[in-house]
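Just the one chain here, laid out as structure tokens, in the form predicted on its own.
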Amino acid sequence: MLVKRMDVGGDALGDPAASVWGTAKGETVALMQAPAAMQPTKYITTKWQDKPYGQTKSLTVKALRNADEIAFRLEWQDPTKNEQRIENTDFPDAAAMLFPLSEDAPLFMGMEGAPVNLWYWRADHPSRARSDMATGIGTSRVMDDTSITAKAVHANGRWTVVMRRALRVEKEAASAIQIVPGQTLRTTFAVWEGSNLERAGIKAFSPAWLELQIEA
């Protein structure tokens, strides 16, 4: 997938409804239920083994960059909007992108010595996303919650979320993907359905990398 350079302002890149997104070619990414092996504990595996989860079948991704920033526009079907977390039993809708920080980082949340960087958006914090690092299943931890801005719209039974960040970041630089024009990156995706109490490893995810060519 080509991430085209568009010389527009950051506000346009960050707006899901901006006309600039009409020029970007979308890619449909198939999602599936995260397998039992991806659950961090036997308790969770046992509790959810007979319950359906991860039923979001696909999302559409578009990406653009300008001179300084890159933005990803994710869109998926979700008839039930869940955006509040009042009690511990409330689980907002959420989505994430995962970037390997080394060539051999596994798609399943990385591993020791081969970490991954996650950009994680949740509907109860609609205007920002977290930057997490993980070195295996159940190891995700927040590294930075200010560098990635977000804007989300729920309409006609669909979420549209744009996550936007500087191409390169200084804060927690070693735990965040650094993006250079002309390079090729890999990423993958996950979606959590709040109305089904999905969180952590209970999710829909893409079992394959999507290659991103960053236009020079």
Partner chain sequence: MSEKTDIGRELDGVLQKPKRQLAMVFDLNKCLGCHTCSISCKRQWTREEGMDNMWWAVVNTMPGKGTPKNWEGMGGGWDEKGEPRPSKIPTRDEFGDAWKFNKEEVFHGGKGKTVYLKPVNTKGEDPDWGPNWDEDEGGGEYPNSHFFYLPRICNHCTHPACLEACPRGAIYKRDEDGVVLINDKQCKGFRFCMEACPYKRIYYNHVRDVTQKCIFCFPRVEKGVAPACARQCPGRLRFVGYLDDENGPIHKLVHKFKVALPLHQEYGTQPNVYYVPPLSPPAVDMHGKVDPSKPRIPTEYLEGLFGPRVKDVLAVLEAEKEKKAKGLPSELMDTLIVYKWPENIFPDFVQDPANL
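Residue numbers count along the first chain shown, from 1. Quick caveat: nothing in here was measured; it's all calculated off a predicted structure.
This next part talks about the form predicted in complex with the partner chain, which is not shown.
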| query | finding |
| --- | --- |
| Partner contact for N82 in the predicted complex: the partner chain, 4.5 angstroms, heavy atom | no |
| The partner chain contact in the predicted complex: P126, any heavy atom under 4.5 Å | no |
| Contact test in the predicted complex: W76 vs the partner chain, heavy atoms, 4.5 Å | no |
| I44, heavy atom within 4.5 angstroms of the partner chain in the predicted complex | yes |
| Which of 164-172, 55-63, 34-42, 181-189 sits within 4.5 Å of the partner chain in the predicted complex, heavy atom basis | 34-42 |
| Contact set, 82-106 vs the partner chain in the predicted complex - heavy atom within 4.5 angstroms | R85, I86, E87, N88, T89, D90, F91 |
